[in-house]
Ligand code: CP
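Below you will find one chain, with nothing else, as structure tokens; this is the form predicted alone, and questions on how it binds or moves follow later.
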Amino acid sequence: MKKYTALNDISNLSETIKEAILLKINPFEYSELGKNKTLVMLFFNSSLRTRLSTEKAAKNLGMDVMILNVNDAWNLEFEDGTIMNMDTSEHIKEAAQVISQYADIIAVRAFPTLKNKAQDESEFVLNNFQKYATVPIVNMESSTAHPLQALTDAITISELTDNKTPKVVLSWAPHPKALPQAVANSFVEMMQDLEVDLTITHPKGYELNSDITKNTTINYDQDEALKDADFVYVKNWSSYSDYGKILSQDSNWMITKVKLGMAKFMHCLPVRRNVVVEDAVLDSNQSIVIQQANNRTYAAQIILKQILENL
């Protein structure tokens, strides 16, 4: 693996999942692999799980880690030919090359604006780092994708499924803030590559990009969609067609114990209790969000391992 910016950078998904699960048994088995190597993590947006799990993954491999909250330093310029007489202090052309001298791998987290669809879909932050950096880039969540989370979700389902083809439902849930589509996008793409029966359920107007959902079943009746589910992955996202807008805050879409049935409950966290999901679900043994969060380390670790092996 030369980089990890999208799910298709994984050459053998089933083997990668198996190797990640094995890492949990002995996470320090490859602690010499990253010796004298440095991971630089750049955060344009705040993070808890991504930051801590990726740092732990790198240290499990023996890497040194440096972390920079970019916007606490200064604003970077990404446009070509711009006259930098406003609020940007350094151009990505210099910044990416300089950081590459300090790093063996650069990991980047940059959310969308949710205001300019074309700009967000261009992935201008992530792609500019790819363009100008001279070391591999890892996507820790971008405007349209969260491939580390999606790999985590695949690991979690693979560990816990009892069925050859489990029924997996991605359900929209209400939220007071406009959130990106990145987690939902990558989850759908990942499930399309696994042997699962995938259904997406959400109110009308919350359709994801059809280039991503393709022929995946979409059911606007949540109760019907959740029937006989094995895994229910719950996530809010803002409208894609009416870009970045909140079209509904219908509390009837909150996941309850009754709706969940016998399914296992999944969420990438953080989650708003009694808005997205009721306490009775999160506090039950059907909730696997803590195990899911733990798997963030091993998803990041297997990706870093595969990149280090190709340096």
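Heads up: residue numbers just count along the shown sequence, starting at 1. Given the structure is predicted, the values throughout are model-derived calculations rather than measurements.
This protein has a second form, the form predicted together with phosphoric acid mono(formamide)ester, left out of what is shown; the following refers to that one.
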property: Phosphoric acid mono(formamide)ester contact at M262 in the model of the complex, heavy atom, 4.5 Å; result: no
property: Any non-hydrogen atom of N60 within 4.5 angstroms of phosphoric acid mono(formamide)ester in the model of the complex; result: no
property: 4.5 Å heavy atom contact, K37 and phosphoric acid mono(formamide)ester in the model of the complex; result: no
property: 4.5 Å heavy atom contact, K257 to phosphoric acid mono(formamide)ester in the model of the complex; result: no
property: Contact segment among 272-280, 22-30, 49-57, 66-74, judged by heavy atoms lying within 4.5 Å of phosphoric acid mono(formamide)ester in the model of the complex; result: 49-57
property: Contacts with phosphoric acid mono(formamide)ester in the model of the complex - residues in 119-150 whose heavy atoms fall within 4.5 Å; result: E141, H146, Q149
